[in-house]
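One chain follows as structure tokens, the form predicted on its own.
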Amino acid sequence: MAKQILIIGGGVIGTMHALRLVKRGYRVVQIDRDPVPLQASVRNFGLVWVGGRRAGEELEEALLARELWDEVAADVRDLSLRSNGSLTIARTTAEVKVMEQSMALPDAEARGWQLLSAEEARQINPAVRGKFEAALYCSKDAAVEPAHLLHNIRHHLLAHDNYSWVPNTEIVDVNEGPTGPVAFAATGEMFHGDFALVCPGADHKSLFGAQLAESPIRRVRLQMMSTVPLGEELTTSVGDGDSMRYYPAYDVPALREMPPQDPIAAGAKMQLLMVQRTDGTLTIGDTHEYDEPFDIFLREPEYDYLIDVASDILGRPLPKVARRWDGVYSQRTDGAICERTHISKTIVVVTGPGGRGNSLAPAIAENTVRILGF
């Protein structure tokens, strides 16, 4: 009989582990405290972002994940994976210089980078009508729909006899039983397995808080927004030049010569990222807040700044903002791909991918099952 794996956590990390394990023939019981995912996995851009990843292991992980996303899209109906690529917009000569030097990096071709003139960029994405100097195109970047992604994967998994989904069930303890790990729900219900993967997202305290407190992880808060439909197609995802300050791929001398960011952007550790949803709306962000306790309020100056930058790139007023929200994700503080805390031989916690959850989740899950010998 196939081994039974307990997965505690219904976000993208837990769900990708479930997908990889079910595909290998294991029995999977996935448990989540909420009726549907409500945290970072649905509060993001839906970007599968390859171009900006750190050279070496992180880029290799991103390239593997990109291949696996294609595999997932072939298996899961209505996944809405779009291989739309991205444009990083250079509005200053200093930003162009960073892009020019980045194109000389040995992994530029692997990332699918092309340095384009403004006119060439508009041929790929006619919606970017603003004034800018150049753009870095990344053909390997893609997008998914965070509001529907996990639902569609779950629908696919539920068609398999070896998968069970248990929502509205809070697990308060997981420990070793005589034949394997046992997960205890707040209701008193018990779940038995041969192995347990705990995928808690940014909840570093509810399960194995003492062990996670010793791990190099932190929580990060971000602010985002979405507009009403744009009224035309934004054919690629879009980033501004400040995104090169925050994505580690652009490790070139010109980056360190760039002038300071706008004070609002610098204070909120901001970059502009913009992606169009399948309903025509735009998802735009984001900020980064690292020190807890986090602010309980959404701050308008950051939104105003993002609206101005997005409007400048589009060369038109941004459509009306329809929603604003924040989110919190878990991040390794040393730049590592993720945190895998081995509680015991049969209980492992997986968290900490940072703002790379959607981008790297398939590869994180694939490497977990390889590391654990499944």
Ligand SMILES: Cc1cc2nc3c(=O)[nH]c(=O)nc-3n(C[C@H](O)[C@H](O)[C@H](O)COP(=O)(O)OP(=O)(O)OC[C@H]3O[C@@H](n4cnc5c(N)ncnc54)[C@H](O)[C@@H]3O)c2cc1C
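In case it trips you up, residue 1 is the first one in the sequence shown, and so on. Keep in mind it's a predicted model, so treat the numbers as computed, not measured.
Missing here is the form predicted together with the ligand; even so, the following discussion is about that form.
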Three-residue site Arg20, Glu176 and His342 fully in contact with the ligand in the model of the complex at 4.5 Å by heavy atom: no
Close approach of Met99 to the ligand in the model of the complex, 4.5 Å, heavy atom: no
Contact test in the model of the complex: Pro200 vs the ligand, heavy atoms, 4.5 Å: yes
Leu38: touches the ligand in the model of the complex, heavy atom cutoff 4.5 angstroms: yes
In the model of the complex, Val309 touching the ligand (heavy atom, 4.5 Å): no
Candidate stretches 116 to 124, 192 to 200, 294 to 302, 254 to 262 - the one whose heavy atoms come within 4.5 Å of the ligand in the model of the complex: 192 to 200
Heavy atom contacts to the ligand in the model of the complex at 4.5 Å, residues of 123 to 137 in sequence order: none
